[in-house]
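Taking the form predicted alone, here's one chain by itself in structure tokens.
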């Protein structure tokens, strides 16, 4: 794969591009970390339906991947992130966030433990400088290995069954948030039971030269099981249903925000469960201890919205029509038959069951119709089927 920059080809192509280009009938592409990724292959609703009923395949190669190697690998990551990772085991994955010294979130991601001297962090945004600066004084090396690993998310209720049909041995016994090495159609791959869909699913990590073989394998049984490639639009739908937040959508990274009031701390994002204030010093701990004692002035919550018109970008009001927040992500959920969203609300409307109102502007035949929709504050995790956590997984 030639990743050299050219003005005639400003976006990089992933090792799967030969196949994603063939499948992308709409020629609708999205820029992710300098790579060309399909936004929509043919029809977003069909791609979403595949992930919720059979399985969908997403090219997630542009994710940033950082190897942390050395005697202080675990000690360093424990200092970097808000969660206690000192007890992480080989083959385990943890969901993590990290903050700046003020306690504002920089990014979230996952950390894979290969052994006590080798961890790997996966995230959506570039963090090499932050990691390298934080590593000063630790016996570790931080290396960006993003370009050396191709990756697919294989998400949906039939994902385990299809991997089982492909003779990926013992895949059904892989626990959620664990990973292992497997053989897939003669290729050595690493498979983790992780994903951004909130359903049963896996992420497959392989060498660049094995990418096409791995991609083709996942579609081998399409005569009986309709697996579809899925783009970023469909991923946005399933991640909202699952209650997963997205940097630069639901919050601005503290490293990218231009103004301090645009930053968010973990408690405002509803991610206080990832903050262990009892562990040893970590970046941002001092301010997070103070923030924990203070009353939140705003918080990201789930919203169940009246009607079927998506409320993304809508302003939120109380019953007296006082502005109290804004919607960051929203959709009509085909699976839940409900109009759902994430939104920031003020301190008086954070409790489950609180009532607020969304001012929705919906386009109808070149005109925007104003809709005043009642909303109920609910948990952000709208979709969480039992099969997501079941071991052994359904095959």
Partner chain sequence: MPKTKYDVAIVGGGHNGLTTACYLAKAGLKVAVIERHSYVGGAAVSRELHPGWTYSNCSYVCSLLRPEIFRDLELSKYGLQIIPYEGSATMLDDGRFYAHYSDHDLNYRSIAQFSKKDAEAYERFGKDVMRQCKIIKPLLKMTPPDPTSFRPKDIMGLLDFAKYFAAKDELGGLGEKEIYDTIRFWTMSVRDYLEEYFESDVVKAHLAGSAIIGTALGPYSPGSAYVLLHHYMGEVDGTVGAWGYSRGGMGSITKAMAASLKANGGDIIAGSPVTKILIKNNRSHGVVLENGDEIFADKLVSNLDVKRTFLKVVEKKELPDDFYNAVKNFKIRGSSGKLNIALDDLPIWKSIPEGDPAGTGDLHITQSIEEMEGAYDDWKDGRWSQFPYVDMCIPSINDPTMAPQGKHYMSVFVQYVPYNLADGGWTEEKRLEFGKHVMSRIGSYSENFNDIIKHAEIRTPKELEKEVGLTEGNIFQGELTMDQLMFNRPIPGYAQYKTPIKNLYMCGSSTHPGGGVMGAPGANAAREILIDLKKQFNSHYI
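Residue numbers count along the first chain shown, from 1. All figures in this text were calculated on a predicted structure; none of them were measured in a lab.
Unshown form predicted together with its partner chain; subsequent notes refer to it.
Judged against its partner chain in the predicted bound form with a 4.5 angstroms heavy atom cut-off, the residues 53, 305 and 337 are in contact without exception.
Contact with its partner chain in the predicted bound form, judged as any non-hydrogen atom within 4.5 angstroms, is confined among 126-134, 217-225, 242-250, 169-177 to 217-225. Contact check for residue 332: a heavy atom falls within 4.5 Å of its partner chain in the predicted bound form. The shortest heavy atom separation between residue 158 and its partner chain in the predicted bound form is within 4.5 Å. Remark: residue 31 does not count among the residues lining its partner chain in the predicted bound form, judged by a heavy atom distance of 4.5 Å or less.
Under a 4.5 angstroms non-hydrogen atom cutoff, its partner chain in the predicted bound form lacks residue 351 among its neighbouring residues. Scanning 165, 145, 277, 71 against its partner chain in the predicted bound form with a 4.5 Å heavy atom cut-off leaves one residue, 165. In the predicted bound form, no residue of 235-261 lies within 4.5 Å of its partner chain by any heavy atom.
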